[in-house]
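The same protein chain appears twice below, in two forms, each given on its own as structure tokens and labelled structure 1 and structure 2.
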Structure 1
């Protein structure tokens, strides 16, 4: 009989597999904060900008996900850009316009916009 631990290990392998199939290993991963507070600060609009950029093919090889509150209340909405082999970058007070700049400057051209980075 399989033990609960074995059952769970199987489930974990399946979960990891599903995450990988969603494109987790992409060159760039983008996380947008989507807790009540972040949504109130406008993160839904920011999410939309990233979603559009991906669905229209403006950016390729990007994994987009939402996340809960990380705790930087005064800097919300926050967006995190994780690129393979680089330090993760976290942007604060991201608006629709800033999101667009992050796409064109950072994700496409690889220039970090230091002014908005949360150090």
Structure 2
């Protein structure tokens, strides 16, 4: 018979494992704008680039998620990169090609692409 404490420990271990598998504790978080207007501007393609980079192992320790409308339609699609201990960086008018540049220059090499940053 399983004791209540053993059941609790098992559930806790399962929860911690789920958190780690989903990447919630990653040092880098990437948010792609996926509101209706951003999707119309091409954000699905941008999201796919980031998904492929993560699934193929090009980048590691990255949590990828969607974000809603930022009210900046003229700058869509947008991507926000949040790194532990640093200020968030928001990029505007991100294309598939720019997404790859954000991955290689910013996420992998730590170089912010200033000309694409939005305030």
Partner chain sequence: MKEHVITICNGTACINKDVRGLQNILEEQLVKLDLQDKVKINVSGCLGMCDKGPVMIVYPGYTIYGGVTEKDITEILQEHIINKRPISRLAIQEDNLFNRFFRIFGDTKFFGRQMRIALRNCGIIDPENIDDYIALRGYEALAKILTDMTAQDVIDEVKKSGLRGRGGGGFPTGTKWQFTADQINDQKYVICNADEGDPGAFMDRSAIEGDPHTILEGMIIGGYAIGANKGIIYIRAEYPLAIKRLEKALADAEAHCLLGKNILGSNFDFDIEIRLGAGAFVCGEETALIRSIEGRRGMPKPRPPYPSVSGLFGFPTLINNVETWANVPVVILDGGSWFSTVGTEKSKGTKVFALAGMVNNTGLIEVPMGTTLREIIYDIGGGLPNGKQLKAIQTGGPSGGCLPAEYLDTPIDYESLAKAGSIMGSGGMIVMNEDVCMVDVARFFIEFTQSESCGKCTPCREGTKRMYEILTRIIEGKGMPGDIEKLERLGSMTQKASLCGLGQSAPNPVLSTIKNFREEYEEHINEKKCRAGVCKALLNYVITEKCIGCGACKRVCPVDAIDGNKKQMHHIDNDKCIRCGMCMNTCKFGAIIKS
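In this text the structure is predicted, and so the values were computed from the model without any measurement. Take the two forms, find the largest set of C-alpha atoms that superpose within 1.5 Å, and that set is the rigid core. Residue numbers count along the first chain shown, from 1. Only residues modelled in both forms are compared.
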Please state whether structure 1 or structure 2 is the form predicted alone.
2
After superposition on the rigid core, does the Cα atom of residue 109 shift by at least 2 Å between structure 1 and structure 2?
no
If you line up the core, does residue 96 shift 2 angstroms or more at its C-alpha between structure 1 and structure 2?
no
For residue 7, give the CA shift between structure 1 and structure 2 in Å, the superposition being done on the rigid core.
18.9
Taking only residues present in both forms and a 2 angstroms threshold on CA movement, what segments of three or more in a row shift between structure 1 and structure 2 once the core is aligned?
1 to 21
